[in-house]
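Only one chain comes next, encoded as structure tokens, the form predicted on its own.
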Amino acid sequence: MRSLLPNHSVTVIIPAGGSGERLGALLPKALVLLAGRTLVEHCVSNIAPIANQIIVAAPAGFEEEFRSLLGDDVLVVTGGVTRADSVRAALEYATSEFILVHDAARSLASVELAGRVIDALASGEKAVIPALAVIDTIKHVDHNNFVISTHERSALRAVQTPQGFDAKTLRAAHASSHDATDDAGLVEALNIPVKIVDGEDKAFKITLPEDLARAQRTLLGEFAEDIRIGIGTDAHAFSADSNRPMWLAGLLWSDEVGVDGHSDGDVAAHAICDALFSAAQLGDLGSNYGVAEPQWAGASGAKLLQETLRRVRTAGFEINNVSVQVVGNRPKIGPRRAEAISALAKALDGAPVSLSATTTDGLGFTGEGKGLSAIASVLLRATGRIS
């Protein structure tokens, strides 16, 4: 897991207009559920740690549904009729030096895969795509299904996403009149070299029901029958002490006054701990780190997450994924969302983390600006090892 954002700014564009018809769904493929979350949520969560900006091109008429799922930190725009149209629509809002175009249907692609693409761009390549070697013999056939020729498979690659480009190159490719099945094809038509980096098995495309079943097995593993879901919450009031530091989602917010609490008051970290304890049936935040235990006074959110993970593992579980939403008027999470995701994931030993933020439109103590709250959900899987 990359724990830091790359040195170059990165925009991720996710064209999400594909139909779910071949999956047997009557809604866009990106909204099909996998282990309790939509494909697009998995996709965004996995790639968020390396993204300064994420833009999802949603099918017309589904924009609000996507916004509700993904939160204010992801920009949702209206996609076009074709994949290329959707990418062009998103390009109008892209602000970064490098742009990754990623299929929502490859929702399990890892952040390490995206990191390899970015590293190659940072070394000076203009276009970079991940790919796997072809292991089957490939035949070229005519319209009557007779073999014309056999391809030399050592020179063939099966292409995946995210595909990465410097912004100028991708804009030029989409401004051309060429047609292609992927963005790299448009770049190739401009005679710009396209670099291949190693792909990964997890980045397969979910198209058919058997692909969805494979994704379920990949995500949940051998112990899919023993999956635990936990929900956790936390809330703290803003401190009257103007010198109280603000710690939130594992980060110090130096320009903000913090919240009161026995530890550092990190509501996002505390809600995740609460959810982890709940899923593992280990009590709750208060019973594990109560005010009567002085060793936790002033403890950082990262320290509590690390200790909670240790206890959960001791009980025989591993984290499958974590989702947390911060509720409050300040601080603004968006500009540091990817950094915060990286900090939380690092404290949880690389577990997939998604982070969103919302307000309550002036309602309640958070809406009145009196404090912060957070709600988290986690998915644990049994490891079969209890220590």
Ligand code: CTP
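Since the structure is predicted, the reported quantities are computational estimates derived from the model, not experimental observations. Each residue number is its position in the shown sequence, starting from 1.
Omitted here: the form predicted together with the named molecule. The next part is about that form.
Asker: Tell me, yes or no, whether Asp73 is in contact with the named molecule in the model of the complex, where a contact means a heavy atom of each within 4.5 Å.
Answerer: Contact with the named molecule, no.
Asker: Flag His42 as yes or no: does it have a non-hydrogen atom within 4.5 angstroms of any non-hydrogen atom of the named molecule in the model of the complex?
Answerer: Contact with the named molecule, no.
Asker: So, in the model of the complex, is Ser86 in contact with the named molecule at a 4.5 angstroms heavy atom limit?
Answerer: Yes, contact at 4.5 Å.
Asker: Using heavy atoms and a 4.5 Å limit, would one call Gln216 a contact residue for the named molecule in the model of the complex?
Answerer: Although the named molecule is absent here, Gln216 would stay clear of it in the model of the complex, with no heavy atoms inside 4.5 Å.
Asker: Check Gly17, Thr82 and Ala105: does every one of them have a heavy atom within 4.5 Å of the named molecule in the model of the complex?
Answerer: Every residue of the spot touches the named molecule in the model of the complex.
Asker: Looking at 74-82, 274-282, 138-146, 308-316, which one sits within 4.5 Å of the named molecule in the model of the complex if you count heavy atoms only?
Answerer: Careful reading of the contacts points to 74-82.
Asker: Identify which of Arg228, Lys205, His262, His174 has a heavy atom within 4.5 Å of the named molecule in the model of the complex; exactly one of them does.
Answerer: Checked against the cut-off, the match is Lys205.
Asker: For the stretch 143-164, which residues lie within 4.5 Å of the named molecule in the model of the complex by non-hydrogen atom distance?
Answerer: Sequence-ordered list is empty.
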